[in-house]
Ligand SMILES: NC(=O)C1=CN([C@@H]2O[C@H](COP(=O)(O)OP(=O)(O)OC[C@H]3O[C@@H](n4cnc5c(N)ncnc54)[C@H](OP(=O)(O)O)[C@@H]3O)[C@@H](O)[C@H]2O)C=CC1
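Form predicted alone, single chain, as structure tokens, below.
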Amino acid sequence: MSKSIKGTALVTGASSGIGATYAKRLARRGYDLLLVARDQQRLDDLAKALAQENGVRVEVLRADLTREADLALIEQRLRDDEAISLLVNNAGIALNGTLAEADPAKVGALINLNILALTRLSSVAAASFGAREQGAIVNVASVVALIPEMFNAVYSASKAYVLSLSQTMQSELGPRGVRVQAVLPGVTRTEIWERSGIDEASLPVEMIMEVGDMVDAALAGFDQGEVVTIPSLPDADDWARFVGARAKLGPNLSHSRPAERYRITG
């Protein structure tokens, strides 16, 4: 089987949910695939189906990205394989409950996966794609990056990091011909809720998007050249106004003297 002219998409967290759906949609678009996750059987089953249905190359790499050796293996593959043209950083976990109640080990695992692994893979992809002056990086964040009070503190903060990282990367890599997109899903029907101990039935049904609809919207945003895609947002001008309000703060975020409202009198 010849290599795809679109190159290879490396998708993390690819065994189920958003990652598996990205794999299916990208295979339909003609990408070869390199699928990364912990569940070998699910990866193998998905790879076999996608190769048969779409006539693309599909390779699987079982890896736990919270383990140094496994993460280093994927980093090396990103460095060495010039066929990789798209990185989808989807792997992530969530937590439930307050920070005061949190299990330190689970907090550490979340930070290692949602932040550290994503950053290291993004860094390698930035260097590799930037050197070739082509390629794209898709980082899956969450709307809780914008409404942190609504969900677990550590998870929300990790997704705010992903959003900030992605925006900065786009400003760095855009002039070099590399695209970066941050995808901010709302509540999406995947296994992440059960794994984090949240009862999906307790959530309003009108808030829950089917995973296929979410990924289709994210890819439509990618096709439209968006840096930030919020699949459930009806009016793109709302995001533009949000960005504009942030920009308005810019001239006053750093001065040599405190603002008058903070001066102590007497």
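In case it trips you up, residue 1 is the first one in the sequence shown, and so on. The structure displayed is predicted, hence computed values, not measured ones.
Not on display, but discussed next: the form predicted together with the ligand.
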### Query
If you check in the model of the complex, is Thr66 within 4.5 Å of the ligand, heavy atoms only?
yes
### Arg38: touches the ligand in the model of the complex, heavy atom cutoff 4.5 angstroms
yes
### Query
Looking in the model of the complex, any heavy atom of Ala72 within 4.5 Å of the ligand?
no
### Query
Any of the heavy atoms of Ile111 lying within 4.5 Å of the ligand in the model of the complex?
no
### Summary
For the ligand in the model of the complex, the stretch among 75 to 83, 97 to 105, 133 to 141, 172 to 180 with residues bearing a heavy atom within 4.5 Å is 133 to 141
### Query
Even though the ligand is not shown here, does it sit in the model of the complex so that Gly17, Asn90 and Lys159 each have a heavy atom within 4.5 Å?
yes
